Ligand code: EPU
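Here's a solo chain for you in structure tokens, the form predicted alone.
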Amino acid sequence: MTPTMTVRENVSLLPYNTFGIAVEAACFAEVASVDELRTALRSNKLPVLVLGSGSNILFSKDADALVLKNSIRGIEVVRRFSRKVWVKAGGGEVWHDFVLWAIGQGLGGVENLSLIPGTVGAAPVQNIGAYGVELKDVFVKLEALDLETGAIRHFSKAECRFGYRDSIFKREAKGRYCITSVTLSLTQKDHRIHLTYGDIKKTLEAEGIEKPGIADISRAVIRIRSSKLPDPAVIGNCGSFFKNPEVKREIMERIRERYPQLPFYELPNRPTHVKVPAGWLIEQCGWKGKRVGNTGCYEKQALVLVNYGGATGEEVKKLAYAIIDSVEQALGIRLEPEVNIL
């Protein structure tokens, strides 16, 4: 076994999940290369759980598993074209650090995804998205290690089967792979600026910026997200806990008869449906700012469930499903968690 990596037993996962849930892993290892990953798996008999930054997971009990912290790093330009470049990043790179690196290099395409928590390797699993942009918009391919065979497999964009906060890695390939690197296509010039979603345009106008560049977009997104989302280092949370539901137009129209102010967003690729903000639905049911024991619904953003200190995963889970049932009973829409509940 390499001296830089050891498999330890009965390790607390408190430092490894942003919800701040105190659970233990039966075995734990932090891996910084494919070789270390294979070494950790070699004599393992337990189920395997791969962690990035633990920012999209809720532990409801101890993990009777070998938990692998993906710390595979590195960023490099692997292909250059006239207008774009392909950039390959290690699965253990912090996503926001990668975004800042891209902007520092003058590369566009991920600026709207600034300050999303998590790692590069976790980004395709969730098909992360914000402010009108999703990872699939810039995705080229990824490499992943098969946790059962130890072989490296390459996934194309089509093979990842991306959907809204969804991919093959959340469905039939769930728990099968550790994503070791991701390759994205970023623009060197003629950047496409996305301003129409959320408060980006309003934020830029308030700063007097009329012709924003990619760095301006990033700063605006960081400012907006920071104003709405709690810092996990201060209040345990996983960011947005629920997906924004996509519902049939007739359902949206029926709700607007009672709530004319219901906001919604068009879905160009799915004209029979619209997207409704889950936070708005939750707020209408009286949950925003409500505290239940050691957990609660964040006062500035109803999409965010928080751990005020000492909450168990089971407490948070119970609150989440109370909110889901409440929204369904009041408005006829059943929310789905965006966070992985284990």
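Everything quoted here is computed from the prediction, not taken from an experiment. Heads up: residue numbers just count along the shown sequence, starting at 1.
Separately, the form predicted in complex with the named molecule exists; it is not shown, and the next lines address it.
Engineer: For residue 131, is any heavy atom within 4.5 Å of the named molecule in the model of the complex, or not?
Structural biologist: Answer yes; at least one heavy atom of residue 131 falls within 4.5 Å of the named molecule in the model of the complex.
Engineer: According to a 4.5 angstroms non-hydrogen atom cut-off, is residue 139 in contact with the named molecule in the model of the complex?
Structural biologist: Although the named molecule is absent here, residue 139 would stay clear of it in the model of the complex, with no heavy atoms inside 4.5 Å.
Engineer: Does at least one non-hydrogen atom of residue 147 fall within 4.5 angstroms of the named molecule in the model of the complex?
Structural biologist: Flag for residue 147 set to no.
Engineer: Contact with the named molecule in the model of the complex for residue 317, defined as at least one heavy atom pair within 4.5 Å: yes or no?
Structural biologist: Because no heavy atom of residue 317 falls inside 4.5 Å of the named molecule in the model of the complex, the answer is no.
Engineer: Pick the stretch from 263-271, 151-159, 98-106, 83-91 whose residues have a heavy atom within 4.5 Å of the named molecule in the model of the complex.
Structural biologist: Of the stretches listed, the one contacting the partner is 263-271.
Engineer: Among 306, 68, 303, 57, which has any heavy atom within 4.5 Å of the named molecule in the model of the complex?
Structural biologist: Going through each option in turn, the one that passes is 303.
Engineer: What residues, if any, in 237-252 have a non-hydrogen atom within 4.5 angstroms of the named molecule in the model of the complex?
Structural biologist: If the 4.5 Å heavy-atom criterion is applied to the named molecule in the model of the complex, 237-252 yields 238, 239, 240, 242, 243, 244.
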